[in-house]
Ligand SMILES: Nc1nc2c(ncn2[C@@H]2O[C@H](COP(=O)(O)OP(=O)(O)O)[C@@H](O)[C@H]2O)c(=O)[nH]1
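One chain is shown next in structure tokens, namely the form predicted on its own.
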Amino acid sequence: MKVYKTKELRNIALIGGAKTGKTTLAEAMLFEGGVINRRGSIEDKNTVSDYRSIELERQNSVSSTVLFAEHNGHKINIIDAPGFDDFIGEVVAALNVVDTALMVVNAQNGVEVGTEINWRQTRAINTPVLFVINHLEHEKSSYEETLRQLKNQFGASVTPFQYPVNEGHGFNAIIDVLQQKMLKYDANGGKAQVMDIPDDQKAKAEEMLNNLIENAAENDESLMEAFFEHGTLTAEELARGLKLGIVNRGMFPVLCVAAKPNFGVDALLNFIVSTLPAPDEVPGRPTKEGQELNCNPADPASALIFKTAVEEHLGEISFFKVYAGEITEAMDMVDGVNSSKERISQMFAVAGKKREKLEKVVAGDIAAAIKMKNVRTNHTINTPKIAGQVIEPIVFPASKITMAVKAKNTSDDEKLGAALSELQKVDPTISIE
């Protein structure tokens, strides 16, 4: 895989309640992003994201899955997080390392408990949010009711950038307010046919564009002055206002998809690349020493391990985000927490079980490494020049359930302790006493 510069990276998490279609959307994004050439499904138990045996059995995500897609010269790192609150630790870890959360909402059900729970986590971490209304092809879907609920629950900053023309059975067209075009899909989904907006939709689309421009102008004083002077914004000013609004949580865009037939996913990828912030356009991550890392590739290398997994035949995999500098294969690093020396033997861009070897990972990118000796989730790895630096760790929620466990045979007590210790490595929300 080519080495992407910081400006060419986008980091997103797919979050939301259970059964909103996050994994199906991830599958469509990987298909459109060229990672897979055939889309799997939950029912067929062959999606890239849900590949673990317990997920195939339950037909829902249990662990977050790190994925990637390539689109228009950019790399999009995607973390597909579980929807059930039992696994909220996975959501928290994802939100700490991405730059925008894509909150997927089921158009049949509107705002659910899972939506509110995930929203609270984004608010606590101050993560920008993009709402994606899914399942618009279903008979009971209601875009307008879902949008009304989103505005009621999360405020007037919820701003529609798209709306469906004919939701329900037969759904195949979306009005893109920003482009002032209609996106029409054939039965195979994929790339939209870009058409002029029908006459009966023009007035609505223009009114929504004017509201969008006004909302964008509110995010910067100079943009407000330009808006009052000219009554509108240039394309460049509008783009700047939109990005500022998203980063500052002053605007929460709303886009439309039907992930299963793959409608609207190409437009979503375009929006991610063109409008969502790059890693160096969001506030930096603080260190325990009171510094702030702002994703500068020229700085000494420093990365946070945000997830640990154990895979058959590979052993322990450490997922990390580079917050400063560049990490190359065979580079010597130091664990800032326990001072152990670590050599980066192999690095990968990961999409479920699919792995592409990386020779270099730059500031802002997300990757995985194997055969690291002593690192754990929440550890910082640094170049020896800044060996003792520690990135502010992720604060995981406390455990909700307490129980006692014991081995059937006392001779197995030691084995049980070792097994629980291994389990704690991959799930930091588990505490053992």
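Throughout, we count residues from 1 along the sequence that is shown. This is a predicted model, so every value here is computed, not measured.
In what follows, reference is made to the form predicted in complex with the ligand, a form of this protein that is not presented.
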property: K22: touches the ligand in the predicted bound form, heavy atom cutoff 4.5 angstroms; result: yes
property: 4.5 angstroms heavy atom contact with the ligand in the predicted bound form for E57; result: no
property: Close approach of K151 to the ligand in the predicted bound form, 4.5 Å, heavy atom; result: no
property: In the predicted bound form, A18 touching the ligand (heavy atom, 4.5 Å); result: yes
property: Joint contact, E8, L67 and A349 to the ligand in the predicted bound form, by non-hydrogen atom at 4.5 Å; result: no
property: Stretch from 404-412, 387-395, 372-380, 40-48 whose residues place a heavy atom within 4.5 Å of the ligand in the predicted bound form; result: 40-48
property: Among the candidates A301, A94, L242, A258, the residue which, in the predicted bound form, approaches the ligand to within 4.5 Å (heavy atoms); result: A258
property: Interface residue in the predicted bound form among T115, N134, N77, S318, criterion: non-hydrogen atom within 4.5 angstroms of the ligand; result: N134
